[in-house]
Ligand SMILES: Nc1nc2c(c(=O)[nH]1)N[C@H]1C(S)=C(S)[C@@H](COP(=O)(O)OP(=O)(O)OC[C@H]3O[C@@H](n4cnc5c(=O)[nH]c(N)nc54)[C@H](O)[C@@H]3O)O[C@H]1N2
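Coming up is one lone chain in structure tokens, specifically the form predicted alone.
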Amino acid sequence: MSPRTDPGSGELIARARGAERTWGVCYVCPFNCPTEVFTRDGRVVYVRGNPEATTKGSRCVKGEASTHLASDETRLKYPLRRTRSGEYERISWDAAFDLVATELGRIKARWGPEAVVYLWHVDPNGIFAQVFLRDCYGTPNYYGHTSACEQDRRLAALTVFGHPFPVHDYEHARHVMLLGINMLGANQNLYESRGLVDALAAGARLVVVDPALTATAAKAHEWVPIAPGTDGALLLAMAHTIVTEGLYDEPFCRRWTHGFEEFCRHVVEGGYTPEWAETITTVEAGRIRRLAREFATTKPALMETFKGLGNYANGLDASRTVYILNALTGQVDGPGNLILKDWAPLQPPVRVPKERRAAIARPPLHVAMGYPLAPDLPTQLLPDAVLEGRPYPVTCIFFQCTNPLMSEPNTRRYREMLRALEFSVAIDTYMSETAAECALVLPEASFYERAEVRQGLALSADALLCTPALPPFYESKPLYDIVRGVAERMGFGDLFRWERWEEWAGRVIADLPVSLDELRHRGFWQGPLEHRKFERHPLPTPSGKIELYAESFARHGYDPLPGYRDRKVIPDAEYPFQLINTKLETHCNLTTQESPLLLRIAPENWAELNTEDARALGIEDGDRIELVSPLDRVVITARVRPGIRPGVVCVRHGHGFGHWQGRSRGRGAHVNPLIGTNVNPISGGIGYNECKVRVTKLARAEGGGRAAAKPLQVTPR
């Protein structure tokens, strides 16, 4: 048998290499690839995808390059406290725990517990912090990074399907239409990308709608270079065609959807014709009709989006329409469709008895801000709470493996917010830009040095186990031990007490049909893949059905049917280009930016311009150019190519370069200072593409070298 399929191959590899094998989960990006980790002499020597898991052993370049992480000399090594002079001093963990406990007590007494906010990325062990801060301390403000990621997609899926994260059965699809999602370029769910490639090899048709010729668009049968931020008009016009030509699946819609007749009347009476959409999108009316007919009549099919649509202020309704079109044609939760996956029945690792739970006195921050349906905090508005006390004061923030000073737009205001906090704590593996502004910096153990039990993102329900391959390097600690240290000092140590991680892991998997020993044998548990689950159980929507008419929107005074409005920021004579951003397959976050291998592969980012636009500006490939918005200016390298829509500047991985901390310091350009505060009025998602710029070629320096350019100026504390 091949190494990929032989269940014993991992043991053979371990013996051949003189290494020890443990099960792991890659945490370089949020997509939870199960792995086999091989260690020897206290170092990671080899990592591969778990060949038995449903991800089929998939590993991307980001994960492959992570073997240096645990022993990296540049990572955080011990707790650091900022002194009055602004420098950092090394302190003990006992001193760090005492400081956190003292500050939490002081803030609660003065401002109330809701003045504390915890921001995290995707570490499942964040549940320890959530339980402690919510149930023991009393703050409801525990949030992720979704508003800077796929907030509009998340709310759209919850609204239409009652599901937070549909996954994709590309492998069995015969027609795939993607809008603002680069499956073959960003390389996130790599096993899904493999499924898409397999589907194409089997004859499936792929259509990509995007202003940029992404890696996925380059492999598509048809690329539609739509005007930026107008996808919603295209989608409504496709719905108009499907409705007026009777191409919908009527039995499916009448039995399994809510608001079918209302939606049909809406698109017809609203005048959302292909001719109307052509004037907005620049996609010909005839082409729109053909795209609609092809999608509606080819089965099985799926249509999907991700960040691209949500990066505009009008992205929520566009994303809702994507899911409505899947439902309108009966293409939901079947082979070759979007899958409404089941989740593994995992439980919290710690339970606080009812009589000891803190009372929550105020609503969560996102609700108080006026975003009751938002699936996560509108983090772009967090400075309002810190700097202005709106809707109520926030004086302390924990940042766990998240770097909003780099990832959020309006960088100056975010820095101002960080410096106004009474107390701030960064928990991370590296000294990030955000960490460098905090009062306390705590070194977190990497995913090679800690235990995890987390949900997988395969088609069926699955639970993944990560066992520590190595003891924590330096003085780093797993988050569960960090939370335990604080809890002990605040009178809750008995609830967070365990001798070994297996004790709390056993509580997490108590409802799985396997024991912890059985889970340790394979590294994962997988449930059966069941299709069309809505036929057996009501969906968690207000109506219990797939909602074309959103009852939750109606209850909160929002339009229950998706409409179209233009994006908020439109280029003009002074700033004639629309700035958009896309990700690189080689980088995801600060962890990848500290990888020596990945920095050799992709040492900087760049701005892509259309060939004709560049010619008019006298710009050649490789020139240094200046991007200027109403807020700031940035210098970056130009890449000139025809595969970008005229009038658009596309910056690759805009919030991942231009660091002023760490190994990646000074590489590439940080463009988020160009972008103003723009959030969707319902979801709170961030409008990263709501930005207009002008482009200027910089004169070359004497001697023919590159122009001398000033990087982003960062004022130290």
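Here the structure is a predicted model, which means the values were calculated and not measured. Residue numbers run from 1 along the displayed sequence.
We do not show the form predicted in complex with the named molecule, though everything after this point is about it.
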* Structure fact -> None of 131, 149, 539, 340 but one has a heavy atom within 4.5 Å of the named molecule in the model of the complex; the exception is 149
* To do: With the named molecule left out of view, choose which of 410, 326, 424, 214 has a non-hydrogen atom within 4.5 angstroms of it in the model of the complex.
  => 214
* Non-hydrogen atoms within 4.5 angstroms of the named molecule in the model of the complex: do 159, 195 and 299 all have one? -> no
* **Segment assignment from 309-317, 457-465, 241-249, 95-103: heavy atom within 4.5 Å of the named molecule in the model of the complex** => 309-317
* Asked: So in the model of the complex, does any heavy atom of residue 38 sit within 4.5 Å of the named molecule?
  -> no
* Asked: Wondering, does residue 432 line up within 4.5 Å of the named molecule in the model of the complex on heavy atoms?
  -> yes
* Asked: Do residue 591 and the named molecule share at least one heavy atom pair within 4.5 Å in the model of the complex?
  -> yes
* To do: Using the partner position in the model of the complex, report whether residue 266 sits within 4.5 Å of the named molecule, counting heavy atoms only.
  => no
* Asked: Out of 674-691, which residues reach within 4.5 Å of the named molecule in the model of the complex, heavy atoms considered?
  -> 675, 688, 689
